[in-house]
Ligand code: RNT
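The chain below stands alone, shown as structure tokens; this is the form predicted alone.
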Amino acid sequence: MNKSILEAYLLAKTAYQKCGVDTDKVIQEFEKIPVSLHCWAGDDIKGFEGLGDIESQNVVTGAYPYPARNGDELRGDIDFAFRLSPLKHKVNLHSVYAERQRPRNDLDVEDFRNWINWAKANGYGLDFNTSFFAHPMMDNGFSLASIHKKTRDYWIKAGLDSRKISLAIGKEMGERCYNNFWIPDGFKDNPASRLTYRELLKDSLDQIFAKKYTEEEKQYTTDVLEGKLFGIGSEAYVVGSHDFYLAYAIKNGLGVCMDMGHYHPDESVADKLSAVRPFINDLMLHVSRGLHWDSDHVVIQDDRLQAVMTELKRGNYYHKIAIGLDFFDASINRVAGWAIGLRATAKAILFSLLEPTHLLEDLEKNGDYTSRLFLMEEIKNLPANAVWDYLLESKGVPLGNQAIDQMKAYEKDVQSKRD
């Protein structure tokens, strides 16, 4: 252990003890919180199907070299990103990352065997998503809400398969695999009938979720629905809106996924968590950073991220709400982007756990709002960075410039060989 890091940590530990916070216990709690890394940032959401130049409903800007070209390269990149992160790791898969050339609506768990074996060998968890995009069976950007039955049937089958796959993955991994549903269906301009497409989507979802999980199966998988305010090419109308999915999930006993980039910029996801959680048993959070729109910028340690993680701590949600990352940026090194997002999320989680929330709650219960606000500001000056450095050092994760140097070396020694 670096002497100066240890000394700074011991001083920080004393400072936090005065506030009633045990930093050693905080670190122990931090180590139990899994965060799921999105595999699709490593190759700009292309996947391994080799379908050619098909229009995608996902916009990835930039032309940085060295994207992963196959499963081995993508898994290697993820392994390296995880070496720069102190978190407990999961990996979030999209169905386009199957490694056998089969139709997207005819996949099974064996199509992801390499991913499962790799995750088990490295102690990672796995989550799953059906890829309702970039495929010949997309009907002008529509899938489950298409007016054409043939299109809907294709994607209903894909959704049914994803439930079987996520359950099988969960059983093999011995933990819950979150199975996320996001569809891009919508219109660029105002539709003549908003209701028509929502009725079609409801019917498709009814077929996909007709079979209910047993109590045993619920230990291994959870279905969540991810809504959206608008998208590129669906600015005027998204069929699977937040209101639609929230109502559907409550009525049918499903979960919802709340993506930080899928709301109006003035809305607070941190505020929404406590509003939804009493009525929804299963929640997944997609940590993203939208700038003016759902732009999926690389996650950084900003106020919005900290507010969400602080709310998870204050609401005692860390083991009740799943956390996954969801961003992409091809203007920078993709693996570095992963590392930046992982480390920012880790710091926000750690800093939230260090908060002496009990003191704030006591002041609030006593009606002392002046002292509550005063203390909220004072807390910001506690030596959280010293605890962060100690955490990294104790786990063998490189600090600051060390991490940058390792990233540059990885690009030079591994990624650059892909040209």
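Residue positions are given as counts along the sequence shown, with the first one as 1. Predicted model, so just to flag it, every value in this text is computed and none were measured.
Here the subject shifts to the form predicted together with this ligand, a form of this protein not shown in this document.
Is it the case that residue 94, even though its partner is missing from this view, gets within 4.5 Å of this ligand in the predicted bound form, heavy atoms only?
Although this ligand is absent here, residue 94 would touch it in the predicted bound form, with heavy atoms inside 4.5 Å.
With the cut-off set at 4.5 Å between non-hydrogen atoms, does residue 228 touch this ligand in the predicted bound form?
Heavy-atom contact with this ligand at 4.5 Å: present for residue 228.
Even though the partner isn't displayed, in the predicted bound form is residue 351 close enough to this ligand, meaning a heavy atom within 4.5 Å?
Close contact is absent here: in the predicted bound form, residue 351 is far from this ligand, nothing within 4.5 Å, heavy atoms only.
Evaluate residue 154 for contact with this ligand in the predicted bound form, applying a 4.5 angstroms cut-off between non-hydrogen atoms, and reply yes or no.
Close contact is absent here: in the predicted bound form, residue 154 is far from this ligand, nothing within 4.5 Å, heavy atoms only.
Going by heavy atom distances of 4.5 angstroms or less, which of 262, 135, 90, 343 would be at the interface with this ligand in the predicted bound form?
It is 262 that has a heavy atom within 4.5 Å of the partner.
Only one of these stretches, 273-281, 220-228, 137-145, 235-243, has heavy atoms within 4.5 Å of this ligand in the predicted bound form; which one is it?
Contact criterion met by 220-228 only.
All three of 40, 295 and 328 touching this ligand in the predicted bound form at 4.5 Å, heavy atom to heavy atom?
Yes, the whole candidate spot contacts this ligand.
Would you give me the residues of 50-88 that have any heavy atom within 4.5 Å of this ligand in the predicted bound form, in order from first to last?
Going through 50-88 in order - heavy atoms within 4.5 Å of this ligand in the predicted bound form - there is one hit, 58.
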